[in-house]
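The chain below stands alone and is given in structure tokens; this is the form predicted on its own.
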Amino acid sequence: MNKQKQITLQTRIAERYARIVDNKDEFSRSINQPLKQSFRINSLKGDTEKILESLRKYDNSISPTNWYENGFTTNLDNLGSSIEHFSGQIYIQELTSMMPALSIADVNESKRIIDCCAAPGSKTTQLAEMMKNKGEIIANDNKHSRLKALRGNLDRLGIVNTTVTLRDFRSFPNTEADIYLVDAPCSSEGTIRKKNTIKRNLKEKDYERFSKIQKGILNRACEMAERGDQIVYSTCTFAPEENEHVVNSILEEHSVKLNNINIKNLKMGKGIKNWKDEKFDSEIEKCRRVWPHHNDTDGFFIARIEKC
């Protein structure tokens, strides 16, 4: 992608969401800034302070986040070649990708979780660490080509509480769980700060195509869930067609409710009330938007749904 094309994509995104963001100038500025590499410590492979001490021997730019004790940023861009990465002591992951697991209430060793769109395993391995490698996780993905990376990350990080399945989740067999994580395929607009993540300008039909897939996956999770179960829905896009619109359709079709999401010290915006000619249920404000200029991150969207 040439420089002029990248600028065009960023300008289009800034213009498309100018009316729903709290500060359009700061938003536009932020999506034109490069994103620092981030990672989390895998405590299953060692003591956090000892791992950090080892990393800082060749990287003194490491900084902790103030909202997640295991989340860190660095000015380096080659942590993937470190022994700590190869040995599974760290996992390179965008900060926003760490947020869905933190949005789930009461993750513990007794839970059964289905990660509906799991590859390459960022959130699966994070949840496994939070569960101390106990309980049970089913990590599903619909593409065989992505399972190699998923299995590789599970092995590298020493995860033993996870079963891998290959299935389009829209046709997944009925399976009981306490928590369903739907980190859905999306247009990935929120990753605009990373190089070459968005290949082209999206058209309205692209948003509609993703929205249809997302509704199908989330609908299946809601069908399978029992009363009191949690369903966390997330995307890395700004598009309301893939965010509030999808969640609103679930509120209309299922006996579910939205719960508030609060991550201490992390600034998050509310779900928007309307987009173009569509008005959403007032409950949609309980969804959370993570704008790039609020916490120096990617863009992200999260909703925490409870089956009634």
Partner chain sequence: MLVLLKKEKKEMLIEYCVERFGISKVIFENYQLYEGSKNKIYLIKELLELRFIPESSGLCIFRFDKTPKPTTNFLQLFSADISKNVLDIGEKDLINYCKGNDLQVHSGSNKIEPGFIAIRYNNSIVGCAHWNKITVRNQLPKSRRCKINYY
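Numbering follows the first chain given and starts at 1. Worth saying up front: this structure is predicted, and the values here are computed from it rather than measured.
Heads up, the form predicted together with the partner chain isn't pictured, but that's what we're talking about next.
Check each of His254, Lys45, Lys273, Lys36 and return the one that places a heavy atom within 4.5 angstroms of the partner chain in the predicted complex.
Comparing distances to the partner chain in the predicted complex, the residue within 4.5 Å is Lys45.
Proximity to the partner chain in the predicted complex, single hit among Arg209, Lys215, Arg156, Lys194 (heavy atom within 4.5 Å):
Result of the distance check: Arg156.
Only one of 186-194, 84-92, 116-124, 226-234 has heavy atoms within 4.5 Å of the partner chain in the predicted complex; I'd like to know which.
Heavy-atom contact with the partner occurs in 84-92.
Please tell me whether any heavy atom belonging to Val107 falls inside 4.5 Å of a heavy atom of the partner chain, as the geometry stands in the predicted complex.
Looking in the predicted complex, residue contacts with the partner chain do not include Val107, since no heavy atom lies within 4.5 Å.
Within a 4.5 Å heavy atom cut-off, is Glu136 in contact with the partner chain in the predicted complex?
Glu136: contacts the partner chain in the predicted complex.
Quick one: is Ala149 in contact with the partner chain in the predicted complex, heavy atoms, 4.5 Å cut-off?
Judged by the heavy-atom cut-off of 4.5 Å, Ala149 is well away from the partner chain in the predicted complex.
Does Arg112 reach the partner chain in the predicted complex, with heavy atoms at most 4.5 Å apart?
Output for Arg112 is yes: heavy atoms within 4.5 Å of the partner chain.
Whether Thr11, Arg16 and Asn23 all lie within 4.5 angstroms of the partner chain in the predicted complex by heavy atom:
None of them does, since no heavy atom lies within 4.5 Å of the partner.
Stretch 44-66: residues contacting the partner chain in the predicted complex, 4.5 Å heavy atom cut-off:
Heavy-atom contacts within 4.5 Å come from Leu44, Lys45, Ser54, Lys57, Tyr58.
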